[in-house]
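Only one chain is included here, represented as structure tokens and corresponding to the form predicted on its own.
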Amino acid sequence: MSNSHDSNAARDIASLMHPYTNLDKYPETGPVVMTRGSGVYVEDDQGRRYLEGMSGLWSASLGFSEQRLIDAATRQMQQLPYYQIFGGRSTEPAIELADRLLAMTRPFGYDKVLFANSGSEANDQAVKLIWYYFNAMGQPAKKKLIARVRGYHGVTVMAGSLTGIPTNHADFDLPVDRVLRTDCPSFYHYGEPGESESAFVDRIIGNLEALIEREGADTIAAFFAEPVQGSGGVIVPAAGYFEKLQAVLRKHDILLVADEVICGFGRTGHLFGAQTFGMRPDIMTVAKAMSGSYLPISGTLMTKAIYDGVVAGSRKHGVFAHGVTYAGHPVCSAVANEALKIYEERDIVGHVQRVAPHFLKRLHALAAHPLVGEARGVGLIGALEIVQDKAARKPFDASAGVGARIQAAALENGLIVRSIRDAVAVCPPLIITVAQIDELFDKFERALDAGLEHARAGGWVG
């Protein structure tokens, strides 16, 4: 290790608390300290270069050295580095960004956007808006929220409660009341023996209807759904799922919230995942790729009907008493505006559509690997399900650490992927080329081979 890395590691271990990390073991492993990035690559403080196959956290859509975003931030810093939008104040970047987002989402009929800083906050304030709206509409009993097994909507108290992943609840005293849980639409994981994909969808939609009838539709406000369930293992919904889901929600006057924090701005091959899967959400939450993740910003978009209800509540109370200090931050907004311009001017969605077939071909080819039970994906997001027994769809025991070994071996090969539950996910920057896709999957295959060697050494496979 270099002296610089030794110093960085020691100071990191002494002072920095890391999210989503085994804090007990961390002092033994220490950090990988990133120092620079260019295009789809990043470099650590020891000079090692990695293809960033996860876009950081599903988010660095335009890579790591987009000069136009840097310049946009610099210009705005020099002109107006901060201002707030409480009490009727505003800034030109926030106004422009709201205009752009509404224009981009015109097919959904959104009327207003409420800004915040993160996807968690965007979903959190969506809940508050929904409750405020139904109170204003004279339906105060409509408070419950439906979210799915394996869903991920953030880590604030409310968004973390909507999240359907056990480790996000354990010992945090989550979920809070008012959250109902329904099925994950993964045919691979939850389809029954001999059941067709269509029958699977009918069964889980039937379960949803039974839940609504049991709880009472007049007590249920909204259903939260990611188009693709990212942190749940890149779950691509079974065919026909959203069509049948939305028919049930409309029947019972239950709002649909599309969490586009990962899927938004081109990831699935359309501008929004809702378009890919035929969703018509009443509310949409966006973050991550909205600014290419160069600065933190998020938004909650809503239809005119919902906004009018919120206005009615504001009329009653004399104020809409919600907002965060950095909502519509002028520098973050300026960077997001530039990112949205780039998506349009460079036809980023078109680029995704052109390279995604090769990405998915290379991804699905890995289904033949002895460790892979399923290869799944859409656009430029995918995952490999890691199994001990393909035929039985049996995962490894967590203590075997096979997914962790694959992730570590990828890093050793100059590739960053992410082990999630029993899957290993990949989600590269949207600017990736065909040649870089080949580099990514060549390295990924070597990492799978290292995982197989680890599994054989442990006696878990023959």
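These figures come from a predicted structure and were not determined experimentally. One-based numbering along the sequence shown.
The discussion below concerns the form predicted together with a small molecule, not included here.
Using a 4.5 angstroms limit between non-hydrogen atoms, E226 touches the small molecule in the predicted complex. The small molecule in the predicted complex comes within 4.5 Å of a heavy atom belonging to V261.
Using a 4.5 Å cutoff between non-hydrogen atoms, W58 counts as a contact of the small molecule in the predicted complex. Put simply, S118 is close to the small molecule in the predicted complex: some heavy atom of it is within 4.5 Å. In summary, among the residues P330, G309, G154, G269, the only one with a non-hydrogen atom within 4.5 Å of the small molecule in the predicted complex is G154. Screening 253-261, 192-200, 341-349, 102-110 for residues having heavy atoms within 4.5 Å of the small molecule in the predicted complex returns a single hit, 253-261.
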